[in-house]
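In the form predicted on its own, a lone chain appears below as structure tokens.
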């Protein structure tokens, strides 16, 4: 008996979907109807497509599958942060977070299973990169977190940040397609101005973003503004040093006109001194930018510690005195597994023990 593998229907473009219906002997507009169910209405079951007749829905079930992600674990912090591990169709786990803050409802989503960059302070960096996420897996995270925002807080999702597991620019094509599904009128219709893609600093891919004239925002996970220190905590800096990244950011700004955000986690006795602030100031002056100084959320291995709050405030004040827009981002979800990759890594380790 031969078992035919079903096609993931969300891997098809609209023209391919229309063509499939024409080849079946149906009208092309049926493909348009199904496409709208998948991307505008976020349907995860063919039987919910009520304007498609019963026979056609059965044909869809016989030939296609919707590889939806599933919520495995959901933690709600005392500060309102909601974090979940999501199970993919092949069993891998990734993470997504809803961060409520004033009128903002921000979804933090993942782009890869694990990560290949091995940043020393990141729980995800302790996991091997297993594979890239597909556009529909990125889209599904946003839909689930958007639903949390309405269910728990009665507010719509306002922002999306690609700051979860993985390096988005090493999954460039899928991230771009995922953003298209999230922002297009045929999809969720969110504004690209409300989306931020964060990178550890892949210079040639930052330049590709410029060449593609993207409309979303760019953030650089900087964390140190001299190569010696950055090499210690972010091995990617050895092949993409600060000079190369700085040149790429200048090119990005020249083409897109978009201000860059620098993400700077403050570690105790490592990168929070006045000298560090001076180096960061010099780096910031290359392009119009703002700085988010972030309290460290420990991953549990004890290698890095959160910097003293007073030192963080002094660091921020120095930048502001010298004309840099800077803000301290206090740690969220301290009472849950909130550090990036922490929850998925924990569930992965538990699964290995069970096996």
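Here the structure is a predicted model, which is why all the values come from computation and not from measurement. Numbering follows the first chain given and starts at 1.
Absent from the display: the form predicted together with a small molecule. The rest refers to it.
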Next item on the list: Give a yes/no on whether residue 223 approaches the small molecule to within 4.5 Å in the predicted bound form, heavy atoms considered.
Entry: yes
Check: Hey, in the predicted bound form, is residue 138 touching the small molecule, heavy atoms inside 4.5 Å?
Finding: no
Notebook entry, point to check: Would residue 276 count as touching the small molecule in the predicted bound form under a 4.5 Å heavy atom rule?
Noted result: no
Note to self: residue 295 versus the small molecule, in the predicted bound form: is there a non-hydrogen atom within 4.5 Å?
What the structure shows: yes
Next item on the list: Find the only residue in 183, 106, 198, 134 having a heavy atom within 4.5 Å of the small molecule in the predicted bound form.
Entry: 198
Margin query: Exactly one residue in 216, 283, 162, 148 has a non-hydrogen atom within 4.5 Å of the small molecule in the predicted bound form; which is it?
Written below: 162
Notebook entry, point to check: Counting only heavy atoms and a 4.5 Å cutoff, which of 199 to 207, 152 to 160, 186 to 194, 85 to 93 contacts the small molecule in the predicted bound form?
Noted result: 199 to 207
